[in-house]
Every structure is written in C-alpha cells, then in structure tokens.
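In the block that follows, a single chain appears as structure tokens, in the form predicted alone.
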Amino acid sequence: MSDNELIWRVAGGSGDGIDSTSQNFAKALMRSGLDVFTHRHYPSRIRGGHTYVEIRAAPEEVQSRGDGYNFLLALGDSFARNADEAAVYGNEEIKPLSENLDELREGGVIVYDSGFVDEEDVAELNLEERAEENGWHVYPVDLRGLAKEHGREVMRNTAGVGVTASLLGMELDHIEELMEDAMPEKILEPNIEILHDAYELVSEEFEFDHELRVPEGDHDEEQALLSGSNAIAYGAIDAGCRFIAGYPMTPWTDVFTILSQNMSDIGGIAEQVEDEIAAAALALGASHAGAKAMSGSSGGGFALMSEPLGLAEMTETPIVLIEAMRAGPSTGLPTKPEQGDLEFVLYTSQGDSSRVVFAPGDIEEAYEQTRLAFHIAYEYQIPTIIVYDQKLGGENKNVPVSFFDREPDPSLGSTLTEAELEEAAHDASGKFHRFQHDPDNDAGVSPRSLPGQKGGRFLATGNEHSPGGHIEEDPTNRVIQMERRMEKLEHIREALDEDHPSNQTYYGDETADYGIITWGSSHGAVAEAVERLNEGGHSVKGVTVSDMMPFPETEMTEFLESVDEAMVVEMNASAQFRGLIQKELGRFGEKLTSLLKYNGNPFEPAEIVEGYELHLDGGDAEPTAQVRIEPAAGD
C-alpha cells in the first residue's frame, strides 16, 4: 500500500455503463504514465443491481487490488428494482453510495449524483456524521441534471469523469483522445462539452480541501491495457488455434467472445452450439481432423464436458479446454470469483486421469501458459486445461506491448507426414498402428495421422483398443496402453523442469524462515503481502504455483524444506490446493496452515498480512476480514 496512489471506485447499476466508463478512465490513467490495475464487482443480473469497478493507479507496478480505496464516484442505479420490493432487496437506488462506504479510506473523496439520489435517503445514511468521523470530503453534484442539459441522461457518466478529473487536478487530454477514438461524431461533441462543463463546474462551485491528487508517472515503452480473458484468447491465437466451439456462461464468455470475434479474420472457425457437451465434442472432432482446437466453459458447463474430456484422454486427441471458476456449488455466485473447482478439474471424468492442468496467476502467465498448453497438448496428444477465475478473467492491467512480440506456432506437434506414414507400422488390414507402444519413444507418445492421409487410416474409439484402434479387452494390451498413456505426465514434468522457465513464481528473501504459498489469481495480493511483511521486519518468502498437473514435486519439496512453516492462501472453503500439496508431499502436512476466503470477494493484501500475523501470534484473535485460518494438521 502506498500513499502515492489513486484507487478510484465508480459505482452504479448493472447496465449503467460502469464497465466501459471505468475502462476508458483506466486507459487515460495508463496513457498519463501510470501503472493501473482494475477490479470488477457485478451482480448476476443483466440490468440493475449494485456494480462497481475499482481502478488502482500508481507510478510503480501494481499487481493487485488495494486495501480499500480513496475516491468514490456514486452514480446511483437507474435500473433499480421497484421500491415495493424494498423488504427483500432494500433501496437499490442508493446502494452505489450506501454499500461502498465501509471500505473508503480515511480522508477519502466522495462524489454522488445529487440529481439522482434522494437527499432524504442520503440523510438516513448519516453521511455527514460519518464523513466528519473519517475525514471524508463529500461533493454532491447534479450529474443527471447536467446530462439532461446536454440532451442525454446517459452522459452523466461522462460528467462524473469530468468531476473526477477536476477534483484530482487531472488534465483532460488523454480522456478526450479516448473519446475521439471510441465515439462517433454525433455523440462525441456533446460528450466533450459535458466533460468540460462538469470539470469547470466543480472548480467554480467547490473549494477543494482534500489532498488527493493523481500521481505522476512515466512509461519507458508503449503499454496495452488488457484482461486475463484477452491474454488467454490472444495466447490461443498466437499458438495457432483456428477452431473454437462453445456456449456462453459467465465468466468463460469473455474468452469465447474475443476468440469468436477474431476467428474469421485469421482463417479460423467459431461455433456457438446448443450446449457444452456439443461444444467439447465439436472441438474434439476439429482436432481429430487436424485443426488446433479449443473449447471451454465455467463450472456447471464444464461438468457436461467430462465425457468428451475422457474421450480425448482415451483416444489421445490433443485439445485445450478452458475452465473459468466461479463460486458454487450449482449456480452459486455466478459473477463472483472463487477457486473451488480445482479438484473437479483435476479428476472429473471416469477412470485414471491423463491430462495437464495450468492455473496462471496473472495476465502475462495467462498468455504464456495458454501457448504452452497448446504446445504440450499437440506434442504429447493429451488434453490440457487452463483453469482460472472471474478475478483474473475480468481484471485489467497494463502490460508492455513488447511482451507479446512472439512468433506464432502453427505446428501440429507429433503428427506424421505421408512419407513418414509409409515407413510406420500397420496391421494386416492396412490400418496404421496409431496407438503403438514404441519402446524407443520413452515419452509414451505414439505419433498420429490425420483423416485423408495416405496410409493413415485407423479406428478411434472410447473403448480400450489395440494399436490399430480395434476394441481390445486383452489384459496385457490394457496394461501396456494404460501405462503408456499415464507415463506421458512423468515425461511432461521432466520437460517442464528442463526445457522451459519455471511456471512457478517466487518472491521475497530466498533465505526466509516462513513461506506463503498460493495459486492462480491470488498471486498479486500475496506478492504484495510478502513485500509488506518483509518491510515490517518479518522473514517471509512466497511462491505462486501454476502447474497443478503434473505437480512440480521437486520445486515444492525444495521450497517446503527451506521454511519452518508455510501458509497456503486460496479462495475456497475446503483448502483444495493445500489438499493437493498434502496428496503429493504428505510429509510436509504439519508445516501447512490455510488462509481461506470464500465470500465472493478476492483477497486484499492487508488480509493476508493480518492472517499471517494472527497465525504466528498463536492467540485466539479472529481476523477482521471474512477469512478463515485453518491450522496445520499437527496443531
């Protein structure tokens, strides 16, 4: 946490343009030279319901949402439910103001739309009294009235940005540039006018007595603002993916939409089908036919993909699948982040699993590990899964454009040419020994052919099969085929250890006595927490693990042997990742403590710092946040 940072929260109703407004403001801050990180909170409703987006901006890199925030722009909810339903849902018009006050830092700034929010409702909040207690600076501005003067009520968002810029002493140049890029001429002019009118109105009507200003920063190179969903989609495209099939389901929909919008431009095919079973099966068929293919869904939809996933394992058909976690079980909290699907992704489908699972921790890893997923899937003929959550998929962060300066990879991996097929083993009927056990190939990979290749004909079945694909129940053949498929994971682990930089991310003092372990999207919050703990005199180091299967046994053994204790931070109620560590490295069970959060909101760095300090203290104090500390097995 830094005093030299802005954390701006814009709140309103779902459908009020909160997301687009925040994205444009984040880009403006980025173009002014700042590093930015966004956090999005929205309900599972198309229209109405309290939603907000937070933008954290600072001169130095920001990897996580902050602890609370220091500027609130509350626009009201123009799609609020009928007041007669107040007994169930409360007064939704006021919620963009009322539900955001608890996390506002001392000395923070509040702007609310006095033309939309009823002043009687504001009075019931005791806002004046609370502002005095917390040193808040409150600026009621009639944004709605200002927008109506310019002809369109929807422009109150633009007015709110103008007010924000004025109160923060921010120039309008970058905001205007973005508006010029995004808006057609007929709406650009009135939006520019209201932006300036709101800016000037605030400077004329209010005396600023707050100290909050936009920090100053500078980038050494061109930056791009993108989300984890963007990174996964672009990583797939650069890895050569040319077929995507899916069915919309939050939060997977973002990846599916981005890929669908781009496929026709790169000579690929995108199909929205009737359900997730069809989506996975269609992608499997495309891969069988020789395309680099992907499908995916969120928890409930991915459950329907279990059978096609098992078919991919049995037929050794390469495919990349996406699983976008959200809070469950069942429909759960469909728009909130949680890491509760890890065991499901590792073990779904019948029989022994032969799949690879990556869990990227940030936007850069989402891009790199998606590309790696395609490489492994097609080289080893194995389904590879990217598991992430709504937090990573929806948050935006600036990344240097040069990071994406990579060569595309169109390779189909271990696929034979027709010339090579002439020399390959075939049975008496002429079928290619697609599933041949080759003692000379110690990775368990039997090179494949594609439909239509001369000499490449074979059978593909979900039953156990002979080298040519015929259904085969012979015990000896079963053992050979099963062991060949399973041994791929061992060789993939060796390749990951030898041929690639580690997918695990380490931070803190290498000689530290205490470790913090996390996985997936909690990476940034844990990294910042480790930095703060060391600044506070503790001896802490951290690691974010991305390789879920095959598990990085050697790396994690070295890490756990080097510390006295370790705290595992994850967003679920059942400590699933801690359970995976104990399954793979059971002898370290007594070293492991869990810090768990599962209320629908991601970790803030301060919550991890507090959890660490409470655990070391050993007392009975309860965390102030909605987190749970679960002691080590030996305690």
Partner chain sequence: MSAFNAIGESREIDRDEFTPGLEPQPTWCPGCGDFSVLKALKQALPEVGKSPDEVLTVTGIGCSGKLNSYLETYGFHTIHGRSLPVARAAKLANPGLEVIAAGGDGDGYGIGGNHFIHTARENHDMTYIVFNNEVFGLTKGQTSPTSPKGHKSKTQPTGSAKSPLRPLSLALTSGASYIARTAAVNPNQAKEIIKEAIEHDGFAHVDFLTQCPTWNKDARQYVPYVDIQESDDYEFDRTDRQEAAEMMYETESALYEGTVLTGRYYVDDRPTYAEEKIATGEMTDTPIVEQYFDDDREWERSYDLLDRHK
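Note that the structure is predicted; figures quoted are calculated from it, not measured. Positions refer to the first chain, counted from 1.
Absent from the display: the form predicted in complex with the partner chain. The rest refers to it.
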Per-stretch contact check against the partner chain in the predicted complex, the hit in 108-116, 141-149, 554-562, 222-230 (non-hydrogen atom, 4.5 angstroms): 222-230
Site check C241, E418 and R457: each within 4.5 Å of the partner chain in the predicted complex by heavy atom: yes
Contact residue in the predicted complex, chosen from V122, L489, I187, L311 - any heavy atom within 4.5 Å of the partner chain: L311
Heavy atom within 4.5 Å of the partner chain in the predicted complex - residue from N126, S264, T331, T511: S264
The partner chain contact in the predicted complex: M30, any heavy atom under 4.5 Å: yes
The partner chain contact at G444 in the predicted complex, heavy atom, 4.5 Å: no
Heavy atom of V401 within 4.5 Å of the partner chain in the predicted complex: yes
4.5 Å heavy atom contact, T461 and the partner chain in the predicted complex: yes
Residues from 474-502 in contact with the partner chain (non-hydrogen atom within 4.5 Å) in the predicted complex: none
